[in-house]
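Below, in structure tokens: the form predicted on its own, a single chain.
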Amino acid sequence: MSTAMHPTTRGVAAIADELAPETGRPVVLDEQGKREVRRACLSGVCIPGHQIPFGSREMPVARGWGSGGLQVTVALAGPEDTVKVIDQGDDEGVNAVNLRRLIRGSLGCSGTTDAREATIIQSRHRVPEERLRPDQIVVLQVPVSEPLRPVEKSVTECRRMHGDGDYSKTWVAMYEDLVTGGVITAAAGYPVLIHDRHLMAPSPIPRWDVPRFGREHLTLLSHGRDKKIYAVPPHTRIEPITFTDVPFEVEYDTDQVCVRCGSRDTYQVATREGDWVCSDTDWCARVLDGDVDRDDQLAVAPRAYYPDPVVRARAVGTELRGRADLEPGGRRAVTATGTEWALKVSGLGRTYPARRGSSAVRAAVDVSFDVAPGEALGIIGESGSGKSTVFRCVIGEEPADTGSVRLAAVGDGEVEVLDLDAGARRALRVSTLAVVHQDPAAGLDLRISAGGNIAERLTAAGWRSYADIRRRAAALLDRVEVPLGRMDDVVGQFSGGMRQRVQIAKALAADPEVLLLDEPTTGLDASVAAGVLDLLAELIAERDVAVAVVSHDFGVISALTDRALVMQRGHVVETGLTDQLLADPHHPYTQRLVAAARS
């Protein structure tokens, strides 16, 4: 066996040689680092569940030892404290023993394996079964700091989702679990909502411990390498994310009995022999010694969350009747008081600044139009005419330099939509202003099911009943002629026309007031495109929604719209009823377009 020291061991040895002059003890974390951690802990207490970054040097422990927990413990503890360190409920695991030794040696504090004696409990994977007191602090070593990472890999997008309180992807992950397996599979790090605002994944503790957060004690969760801290102060309101008709459940089996102490209402793990044992070894040992208050422990055990297969099955087994569950016409579209429009665009302008080797481009100049409920307006022009720029400005993907955009459903048409912040504009696209993109991949998540895509829109709009979401998704998919047998298939497996139909269903999911169609049939085979156009024409007629269609194809404009405007180089050059405009175009540019379409 080699006698060379592991790099981490050399780091510990080097720190052990660096002694604090006033105590003669090894310095694990300098005073500046401790102050940074304490500030983060205080900020976390002020904003429960919110990620708080902090600055500190790396800890001299191996990966998996819990550097985040170590930083918090040594920053908060002092010689008068008594520290308990547990690893997956075990006081005598290698990680627990070594961390306890390091903490005691650096702080001069006492150590214990008895949860009742500890002032600070540093843990990985567990909260002690014992009821904790207000003067105790639980420090959890967190392996994953970002609760949205399982559903979103982009750090920037995660920040955006937290800022908007947009956790629809988390709901969709649970919807997909229920569809595929009948249960929500999230275990360690089950996502919770703190005070109805901040999403937190208390990783890596099991679901069993989630209901015991926010009681009398303070909990601090720290990720050492990402340098982020969460805090859950006493009496914090914590709600596990779940559907209203699918109750949150903890890990429990009616047959599980600890073979050592006989406990039933504790978190237990299976042995190699197939038996059950208490995860909390300290609790288990004290039960054998008769040194526990079983009634008090039962009072804090999450018995209200034991699995109820009957209730779960009732929601998961929802009967799907297809379009029979779809209310005819949806909700009545809104018009502004004293007007007939649902969408009004006035004097919209957008100029792209000059770049090296090119001059500024005026993509949209003084563009104005309005659309009434039940009406479809076409915006037509060649590539580069500015029609797509107008579209992006209306939906908020690009800023407009001048002009006004108003929606009758927003402040009775008095609110300037262009002045709303990015979060408010995104919220409008959930239930008020829906979009069907030219490329279905821009409007769908191709990695999840067709029903899951509609569930994403509905959960973003506030739907929380799994059965209702399921019925609504089935009704919409049936209406756009997607077979119900494919409702739970991944959209990435669908053809282009089928994807476009799913995108249309998703756009209509929350009954928008205004529907924007961006080249809805481009890239589709002629027969498929004809079917999509027929479907859109039917839906426009029956849903009473205001529709704006952007296209370069006169066939699309003729099939779908009542009125049309023609754009050339950013300007509107002609407007009129679609039939008249196509039959008798006045502007030379429109005449060329119509002639080209007929040839």
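All residue numbers refer to positions in the sequence shown, first residue = 1. What you see is a predicted model; the values in this text were computed from it and never measured.
Below: the form predicted together with a small molecule, not depicted.
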item: Listed residue (V151, V97, V361, V316) with a non-hydrogen atom within 4.5 angstroms of the small molecule in the predicted bound form; value: V361
item: The unique member of Y305, F369, Y252, Y352 whose heavy atoms fall within 4.5 Å of the small molecule in the predicted bound form; value: Y352
item: Exercise: S388 in contact with the small molecule in the predicted bound form, heavy atom 4.5 Å; value: yes
item: 4.5 angstroms heavy atom contact with the small molecule in the predicted bound form for G384; value: yes
item: R425, heavy atom within 4.5 angstroms of the small molecule in the predicted bound form; value: no
item: 4.5 Å heavy atom contact, R392 and the small molecule in the predicted bound form; value: yes
item: Region of this chain that lies against the small molecule in the predicted bound form, out of 180-188, 70-78, 352-360, 207-215 [heavy atom, 4.5 Å]; value: 352-360
